[in-house]
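First, one chain by itself: the form predicted on its own, in structure tokens.
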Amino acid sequence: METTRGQTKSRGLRGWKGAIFLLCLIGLWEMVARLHLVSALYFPPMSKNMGVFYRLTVDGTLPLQVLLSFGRMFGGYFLAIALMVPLGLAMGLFRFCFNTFEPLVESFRPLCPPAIIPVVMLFLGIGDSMKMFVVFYACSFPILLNTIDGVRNVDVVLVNTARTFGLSRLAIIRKVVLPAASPQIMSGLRISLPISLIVVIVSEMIGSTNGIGHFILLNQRTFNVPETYAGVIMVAMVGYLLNRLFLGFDRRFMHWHRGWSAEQAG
């Protein structure tokens, strides 16, 4: 109990230190802009940027753009989960599947997602399907590779014990392999989540008529600098909140693993 309280207190202190550091950076920005040490056209005071951010949030402009981006982002993200986790299980368990798909995976994995956008636009246009496919492509490899490694790192003793008790292959996968590999699978999901946000913004900047990426680029091109910064601030806040929500989800559904790891360490 005391250890848990100490860990909670330590996390709280780290959070306060981070918040104080961020406030110092904002104060430095404000001071530099107010003293006209840089051009106000490109570097408006943070107070002005935050005022525009508040106005665009209250009138619904920024939330609407974020919701449009979320639809594309989560469409591609969950499609990657639905396809790559089963494929990773198959490649980790069966040598034939690994030998069949591994050359294809290693051929496409080094290709960065923005590079495929022009090609995808030829087939899917600039609609939502294009953005969802690019997000799916970007998220697939972290999820797939982490799933493969998680399956391959499952303790053989656990699998052999399950066989001794007469469990079928499907039951072993469901009750032994998948739970044992789930921490690494979750790592792949967490890595892919910010990637999905980055990629959907890039795809909206290249080919879109709405979304938060299009909003930022449009205001940058028309020299609406405070509006541009407001869009960037919204993206930063959304990225932070998504990460915190995922960590909360992970703590809730993977608490058994942390308890087991602590017991093993003890």
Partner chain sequence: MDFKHHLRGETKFTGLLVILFFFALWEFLSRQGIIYTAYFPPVTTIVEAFVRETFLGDRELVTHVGFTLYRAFAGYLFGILIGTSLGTVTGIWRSLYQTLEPTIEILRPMPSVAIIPIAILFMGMGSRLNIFIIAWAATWPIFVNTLDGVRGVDLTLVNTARTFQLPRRAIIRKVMIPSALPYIISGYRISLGTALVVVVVTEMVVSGSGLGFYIMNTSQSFRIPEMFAGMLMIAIVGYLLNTLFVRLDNHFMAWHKRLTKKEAV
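Quick caveat, the model's predicted, so the values are computed rather than measured. Positions refer to the first chain, counted from 1.
The discussion below concerns the form predicted in complex with its partner chain, not included here.
When its partner chain is considered in the model of the complex, Val176 lies well away from it, no heavy atom lying within 4.5 Å. Residue contact with its partner chain in the model of the complex: Asn160 places no heavy atom within 4.5 Å of it. Within 4.5 Å of any heavy atom of its partner chain in the model of the complex lies no heavy atom of Arg34. Although the partner is absent here, Pro114 lies within 4.5 Å of its partner chain in the model of the complex, judged by heavy atoms.
For the residues Val235, Leu56, Met46, Leu68, the 4.5 Å heavy atom test against its partner chain in the model of the complex is passed only by Val235.
Although its partner chain is omitted here, in the model of the complex all of Leu25, Ile201 and Ile206 have a heavy atom within 4.5 Å of it. Screening 80-88, 126-134, 179-187, 192-200 for residues having heavy atoms within 4.5 Å of its partner chain in the model of the complex returns a single hit, 192-200.
Contacts between stretch 213-238 and its partner chain, counted in the model of the complex as any heavy atom lying within 4.5 Å, involve Ile216, Leu217, Gln220, Arg221, Phe223, Val225, Thr228, Tyr229, Val232, Val235, Ala236, listed in sequence order.
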